[in-house]
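Starting off, we have a lone chain in the form predicted on its own, written out as structure tokens.
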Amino acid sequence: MNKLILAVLACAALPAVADEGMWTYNNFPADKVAAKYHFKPDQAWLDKVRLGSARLAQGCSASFVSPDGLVLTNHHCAHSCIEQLSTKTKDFVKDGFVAKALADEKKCPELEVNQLTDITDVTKRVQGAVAGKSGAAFAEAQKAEFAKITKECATSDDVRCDVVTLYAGGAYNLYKYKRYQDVRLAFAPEFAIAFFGGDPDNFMFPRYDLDMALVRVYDGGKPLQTTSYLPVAKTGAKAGDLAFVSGHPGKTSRNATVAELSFIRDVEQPARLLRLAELRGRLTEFANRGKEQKRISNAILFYVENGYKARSGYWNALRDPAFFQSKVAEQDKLVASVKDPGKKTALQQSIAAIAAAQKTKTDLYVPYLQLEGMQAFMSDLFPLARGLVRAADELPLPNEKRLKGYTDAELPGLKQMLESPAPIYPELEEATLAFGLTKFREQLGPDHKTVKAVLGKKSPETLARELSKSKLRDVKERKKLFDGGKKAIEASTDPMIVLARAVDAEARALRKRWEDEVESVTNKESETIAKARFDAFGTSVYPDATFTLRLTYGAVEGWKEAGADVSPITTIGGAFERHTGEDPFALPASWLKSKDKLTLTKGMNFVTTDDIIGGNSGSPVINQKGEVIGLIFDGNIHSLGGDYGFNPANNRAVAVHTDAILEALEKIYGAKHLADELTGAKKPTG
């Protein structure tokens, strides 16, 4: 690792340098942007971009791009919707989808779009509720206060409210969202161009992907009418352009203690990588059984392969001795910066307490993931069964006493899951359940009481066959059980309900230990560490990512690789040059037929210096006019250490060029109506 990287990473706890930083909208460093790029976003600009940004609740970012509720995101973010809408005879993943008119748009079974409308500081209220408490008392008080705050905020089902922990407990903000659950697919290209280059090109650059999709938000059965949107620029990104990214980075650990990073390096990442590698093999075997098996397993295999490559990058960063030593030095520097003896002792004690909690976390990790994390019961059916079983127990309780996921503010999300008409495939269920149950027995041992209770004399394969016959595939059956409450759940003989009931007591016990002995300790002691950082740097530092809206800034700029310059922009023509005719470098027939119509010199993909991670997929890249000039869909290989630090020398965000989006819609897919809607030239057709 070169000296520049070490210098940057060693300063990760200091005020952000270069284009580093995933900034909250209520603490954006506009003066820093002005000093470097000669443009200072004012409050009106920030409000416009915030309201034009969107979050897909299932784990991605997006943006409103027309006054009629059109939303731009990645194909891989909408992949589950596209797959759920597909059938044996109409494979929209493989062949793509174009709605010629509003009436042709198809409702996504499970997609939820959130728009951040308000941010309120509730730090004093939360910290007051947990003051003087520790362990289980801390966890219960914090959970209760979160539930009270969100219940007061979420005044209807179309309002979503989350209390967001920032600066590791140094601050708490209430994020209020407008919730939209009627979301319909308007356009998706073929998978072959959305993921052109496949796994070999994943996290690489140059790239030639049209990883985009268009969905539309409906309100009251009609397209949402809004003034809060970001139009697509008629001319996209150019080298050197100032580029903002507004999105929802998932989770970073840049301010984690050395003990927490050691746990991730030595326990978490190796375990997850091994599981993903084995699961990839199982799913590949399943996909090779036939055309239909390949279709129904495509989405999960895609996410497994993507996750494996990403986590390999995370693990490699933490395994680099020089990098890890820089994190040790960073923690030591923070302790040394505290001059008050009492505060220094408190800081050292907090660091030690978190280290002790990691030992407990290590002991609990495997059984917790297997039972509470549902790894043992890998399927679409089991989460439904657990949701029903726990809803019957939790909903009669006072709101502030319920488990997370079952409070009044969270009920719309639970109901959406239980009422989803998305198809569930018995053969795939059987295959994934057999894998999960096999690992369950292997990791906990055949003599473990819960393993014996679950499997009895049966093999994982036999039990998986029985469980896959559950009637919970039927939405009406799920609704009947939900409406029937505890009595209906106790009387049910459905094999999945029986299983969920059987393992729930131990799963809950593991969850309670995890919350009381790991999370509560880490949360409480992290407040002391956060206070030390605040004393040293104030809010000139940004908080770790929390899958909440952040704004980053940077430029369209390449980097040097092995001494050679990497150009920041690829062209449409480059995709044809990369085409081999064999997967994963085979362009769709629609592209090959349309080659002569295309302007091959127009941009296809590009990179920026913006600081992003997973969760930013689908984020708009925005110019200073508030127009969309690109669509984030990946990072380069050097971005994979971004969970733990940012290196401006070669960490790059990768985006789809909007020129390629407009060119493809108009000249390949016969969707000029959508291209015109994106640029504001035309309203959607009825």
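In case it trips you up, residue 1 is the first one in the sequence shown, and so on. Keep in mind that what you see is a predicted model, and the values were worked out from it rather than measured.
In what follows, reference is made to the form predicted in complex with another copy of the chain, a form of this protein that is not presented.
Judged by heavy atoms within 4.5 Å of another copy of the chain in the predicted complex, the contact stretch among the candidates 326-334, 242-250, 311-319, 557-565 is 311-319. Contact check at 4.5 Å (heavy atoms) against another copy of the chain in the predicted complex: none of Leu384, Lys487 and Arg501 pass. Proximity to another copy of the chain in the predicted complex, defined as a heavy atom within 4.5 Å, singles out one entry of Arg390, Arg125, Lys595, Arg441, which is Arg441. Though another copy of the chain is absent from this view, in the predicted complex it lies within 4.5 Å of a heavy atom of just one residue from Tyr229, Tyr542, Tyr175, Phe286, which is Phe286.
When another copy of the chain is considered in the predicted complex, Gln349 lies well away from it, no heavy atom lying within 4.5 Å. At a distance threshold of 4.5 angstroms between non-hydrogen atoms, Glu278 is in contact with another copy of the chain in the predicted complex. Of the heavy atoms in Pro396, none are within 4.5 Å of another copy of the chain in the predicted complex. Residue contact check for Gly574: none of its heavy atoms lie within 4.5 Å of another copy of the chain in the predicted complex. Within 4.5 angstroms of another copy of the chain in the predicted complex, the stretch 253-276 places a non-hydrogen atom from each of Asp266, Pro270, Leu273, Leu274, taken in sequence order.
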